[in-house]
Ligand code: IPM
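Shown below, as structure tokens, is a lone chain in the form predicted on its own; questions about how it binds or moves come after it.
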């Protein structure tokens, strides 16, 4: 297979963890006889300062011509971000336009913590039980993030508004993705919503429940978002399977899920559209530890595994990457943020050490 991939390293720890992901990708390329042509491009806050835009035209062209996109986290320190106009900050000026440009409506975020790794979680072992295994499917191009935003004054009173809008097509498309994944896993599909208050959630529910009729072989449940947040903490394994979430609620609960695992560094993701997709860590750019070689690259390497599977259709290669990472963790190796007072210092890995170990396992298996 020969594919062209745009590489948007981003800001902060982005370049460091992206290098580890690329190192793993090159190992897969060699082992399985593929060819990946990598096209680097500026993107994010540093791009604004260097290029005058967080998403320059040349980057758009590279992404347009690529088969898929690898994206690092974006954002700099508060002091640096304060120098950027609101409309040119990475969130509004780069991330949302990237999603809209390629209609990457389906966001996949796996929440995986086997029983043997329960010590990573702040939850008790008895709560983690036999392990957490949830695939969160978040709608990514609709809802309040993409609605009209207004700040103004009326009758001498300042006000602001954000419109939350969903179309039937948007809800149906993401519901089908979630039910398909649940069917593939032979697992529960839980629909998360706020239908007791929001009209958009009642609209969402009606469509999801209509789609559910086409999946009578899939177990289905429905839960209000605030209760879901509570239940994720006291009994997360009840959601093992697939959780379907709208955009803003999904933004919040997927980060909460990273807390269940003990680190957002364990949260890779894929953002998939009808024609192409991009993969990215679910966490931020952590500028406070940039350049120190201690960021956890699991999130980026896991995103590379998603790239192989969801973007390129290479399931065997993807599984090999996932297995290599879990082999490392099961051997007791961790990156710094996962270490505790009882961790053997010799088992604490740097960013590059973790990537090297993944490469070694892949090369020798």
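Small disclaimer: the values here were computed from a predicted structure and weren't measured. Residue numbers count along the first chain shown, from 1.
From this point on, the text means the form predicted together with this ligand, which you will not see here.
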Consider the chain as shown here, without its partner, and state which of 193, 276, 294, 99 has a heavy atom within 4.5 Å of this ligand in the predicted bound form. 99
Listed residue that, although this ligand is not shown, lies within 4.5 Å of it in the predicted bound form (heavy atoms), from 175, 245, 257, 282: 282
For the chain shown here without its partner, which stretch in 112-120, 126-134, 165-173, 88-96 has non-hydrogen atoms within 4.5 angstroms of this ligand in the predicted bound form? 88-96
Contact between residue 251 and this ligand in the predicted bound form at 4.5 Å, heavy atoms? yes
Might residue 179 be said to contact this ligand in the predicted bound form, defining contact as any heavy atom within 4.5 Å? no
Can you tell me if residue 145 lies within 4.5 angstroms of this ligand in the predicted bound form, counting non-hydrogen atoms only? yes
